[in-house]
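A single chain comes next, written as structure tokens; it is the form predicted alone.
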């Protein structure tokens, strides 16, 4: 399949211009003072208004109002980097992907033309930073203080990772697939960002090497020219600017796997345990937890007492959303929202609820989702040192006049 076919391929019906709520103008009150002092809404090259959290490395959140639609536009899609050595477009000239390791028959190097010649897969999937909503932890923990916008959902297209690996010949003893990208540490001594996934996840047909996003080439800050897409797993495994893949019979032992991105064992539900990276006390954070977000109205909005419609999205690791409930009184009473047709197991599922007429006053809106596995958003925050998986329903105060 050629580049022009990828850009014009299936999924176009999902990419119609969304109708979004008014733009976010204020920072959430729960963010720590240090973040509130430096964060601001800015325009980036190839992107519209984003919430800047840090410049080095670049970390920019998507405004909440964008999440009234399932597909997050490329120019509003969040940006997350661990290292300040971000490649330029010129650095990617002549790009190629090296595949090797002790569990392949031969080392190979693929060019973009080689990837385009492979069968193309497509998946509509949420990409979410593991630290999304870290800024709402109480007490606060170290790390980028993300509000709700460290996530997005896009139509990703490219060859399945398993088809890419087949060209090198995967041996029976393969245990993990190690991946690395073109972003680099800013100084000596900083560990390069490298991750691994279990061979079972690597060989899943929905795990792809994406070379297109929402029917367009990947934006530079979202991984151009190719990135790994691991549906249902947190974004730390979605390696951007993918340059090398190793298939190994051994677990990857580095800072990013054995120290960072770990949580207490048994704290969160998982369908596919990452056994080769688990210890008795901790496991790597992998699969997304069930969650939801109200995107309209926004915190502090004035709404009509004659009634308004609450809109938002819910998502999980791929089990699928079965129910979303809405509270108007801070969680004392709940009622079922209307769910739109599911567009895929890894995608946002939109919900809405017309409130009907209301008395004047302040209302605390909350949403909570339940997936098909019976897992519901947490009632209380599951505290962990990394500030991961905050899926506690968050009150949104609005005033009816």
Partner chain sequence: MKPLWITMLALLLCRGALAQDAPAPLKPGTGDDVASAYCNACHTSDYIIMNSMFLSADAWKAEVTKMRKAFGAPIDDETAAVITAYLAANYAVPAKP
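Positions refer to the first chain, counted from 1. In this text, all values refer to a predicted model and were calculated from it rather than measured experimentally.
Note that the form predicted together with the partner chain isn't included here; everything after this is about it.
Identify which of 328, 164, 220, 104 has a heavy atom within 4.5 Å of the partner chain in the predicted bound form; exactly one of them does.
Residue within 4.5 Å of the partner: 220.
Pick from 116, 141, 216, 92: which has a non-hydrogen atom within 4.5 Å of the partner chain in the predicted bound form?
Only one listed residue qualifies here, and that residue is 141.
Are any of the heavy atoms in residue 38 no more than 4.5 Å from a heavy atom of the partner chain in the predicted bound form?
Although the partner chain is absent here, residue 38 would touch it in the predicted bound form, with heavy atoms inside 4.5 Å.
Any chance residue 342 has a heavy atom within 4.5 Å of the partner chain in the predicted bound form?
Taking the distances in the predicted bound form, the answer for residue 342 is no, it never comes within 4.5 Å of the partner chain.
Consider residue 300 of the chain shown here, and say whether it contacts the partner chain in the predicted bound form, taking contact as heavy atoms within 4.5 Å.
It does not: once the partner chain is placed as it appears in the predicted bound form, residue 300 has no heavy atom within 4.5 Å of it.
Indicate whether the partner chain has at least one heavy atom within 4.5 Å of a heavy atom of residue 191 in the predicted bound form.
Flag for residue 191 set to yes.
Based on heavy atom distances of 4.5 Å or less, which listed stretch (348-356, 50-58, 64-72, 369-377) is in contact with the partner chain in the predicted bound form?
Residues of 50-58 come within 4.5 Å of the partner.
Can you tell me which residues in 31-49 come within 4.5 angstroms of the partner chain in the predicted bound form, by heavy atoms?
Heavy-atom contacts to the partner chain in the predicted bound form: 32, 33, 34, 35, 38, 44, 45.
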